[in-house]
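One chain follows as structure tokens, the form predicted alone.
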Amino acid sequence: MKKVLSFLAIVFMLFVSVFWTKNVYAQDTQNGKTAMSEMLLAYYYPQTDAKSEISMRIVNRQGQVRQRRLTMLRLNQTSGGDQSYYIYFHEPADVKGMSFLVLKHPGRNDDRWLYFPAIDLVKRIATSDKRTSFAGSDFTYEDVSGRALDDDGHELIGEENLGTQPCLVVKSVPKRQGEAEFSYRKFWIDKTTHLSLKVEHYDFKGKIYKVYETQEIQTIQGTPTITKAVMKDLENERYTEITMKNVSYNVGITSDIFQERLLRRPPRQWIGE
């Protein structure tokens, strides 16, 4: 009888252990997805629309520097849903007049176009090209407008201070391996602002090859806003710094400016020169 009771006790303990593990994992997965959802809203969707001036500094391993100056316009069709971007390059001379349009559709492929004024060509960017370099920088096209939440599985793997900021640490793994340039990413998400303070990109051998770091956050019109950040390419020993200036929210941007035909004729009331 004792042997039977002992066997039943072991079976019960194993059942409880498996049940508890499954539920903890499910909870971690759900919490990870919630943390990522909040981060995407805080970083890519603050307020209804936004206009900002961006300075980009690209530095190679020899210390040579290339610079870009551009204006970015953003309009949310819905919070966390469809969204539009228009980016216009002012400097230097070899990229002046180049413009980039994104019509973002969570749940299906985004529409992206790039205009090259030197050859008067509007190129539609294929889905496979979204992981390539944006304007010669260490950011990809996908970095600019974001990656869809449901493209990855998200697991909350812990909490950790980054400097003095308490962060949630989330591991995101593509659901369709081979459709992303990374095998997984780790995010450090500020528990107060929900902004991502650091992102590590891992290759298919489990090695870190690219790191994003937030360097400055300012509160603009009541909204915590990343105003300086860097993306480091560890393999090629190069990096790109971006600085956001003159950020304004809810300025009245309308959807009619986000059209392919306006890549050649930028909306001067928003772009300026």
Partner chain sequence: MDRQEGEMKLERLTQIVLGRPKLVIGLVVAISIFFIAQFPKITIDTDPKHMLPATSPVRQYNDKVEKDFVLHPDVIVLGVVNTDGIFNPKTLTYVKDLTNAVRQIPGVIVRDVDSLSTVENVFSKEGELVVKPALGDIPQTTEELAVLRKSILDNSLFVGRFISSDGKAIAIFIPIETGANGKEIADKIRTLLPKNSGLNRFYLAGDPVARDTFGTEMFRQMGLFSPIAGLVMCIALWFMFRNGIVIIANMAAAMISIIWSMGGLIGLGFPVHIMSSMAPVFLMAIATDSVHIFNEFAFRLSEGQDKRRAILETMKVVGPPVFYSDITTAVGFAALATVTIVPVKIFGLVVAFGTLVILLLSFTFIPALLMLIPEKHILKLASAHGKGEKFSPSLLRLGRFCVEKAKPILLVGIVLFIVAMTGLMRIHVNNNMVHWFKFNSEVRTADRIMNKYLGGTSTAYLIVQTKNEGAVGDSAFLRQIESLQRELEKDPLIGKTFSLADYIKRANLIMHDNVPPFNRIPDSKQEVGQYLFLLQSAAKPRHLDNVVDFSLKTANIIIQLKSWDADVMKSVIDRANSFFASHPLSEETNFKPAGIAYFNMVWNHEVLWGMVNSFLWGLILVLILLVFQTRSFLWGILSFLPLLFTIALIYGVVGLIGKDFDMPVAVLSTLSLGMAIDFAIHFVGRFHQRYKEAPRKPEGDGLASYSQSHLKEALIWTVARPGKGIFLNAILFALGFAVMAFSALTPYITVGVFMAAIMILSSVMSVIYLPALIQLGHRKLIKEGGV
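Owing to the predicted nature of the structure, the values given are computational and were not obtained by experimental measurement. Positions refer to the first chain, counted from 1.
This protein has a second form, the form predicted together with its partner chain, left out of what is shown; the following refers to that one.
Using a 4.5 angstroms heavy atom cutoff to its partner chain in the predicted complex, none of Y249, R265 and R268 count as contacting. With a 4.5 Å cutoff on heavy atoms, H105 does not count as touching its partner chain in the predicted complex; it lies far away. In the predicted complex, its partner chain sits within 4.5 Å of a heavy atom belonging to F89.
By the criterion of a heavy atom within 4.5 Å, Q165 is excluded from the residues contacting its partner chain in the predicted complex. Put simply, K191 is far from its partner chain in the predicted complex: not one heavy atom of it is within 4.5 Å. Among A135, I157, M72, V144, the residue placing a heavy atom within 4.5 Å of its partner chain in the predicted complex is A135.
Scanning I217, V59, M244, I220 against its partner chain in the predicted complex with a 4.5 Å heavy atom cut-off leaves one residue, V59. Of the candidate stretches 192 to 200, 116 to 124, 157 to 165, 76 to 84, only 116 to 124 has residues with heavy atoms within 4.5 Å of its partner chain in the predicted complex. In the predicted complex, D233, E235 are the residues of 217 to 235 with at least one heavy atom within 4.5 Å of its partner chain, listed from first to last.
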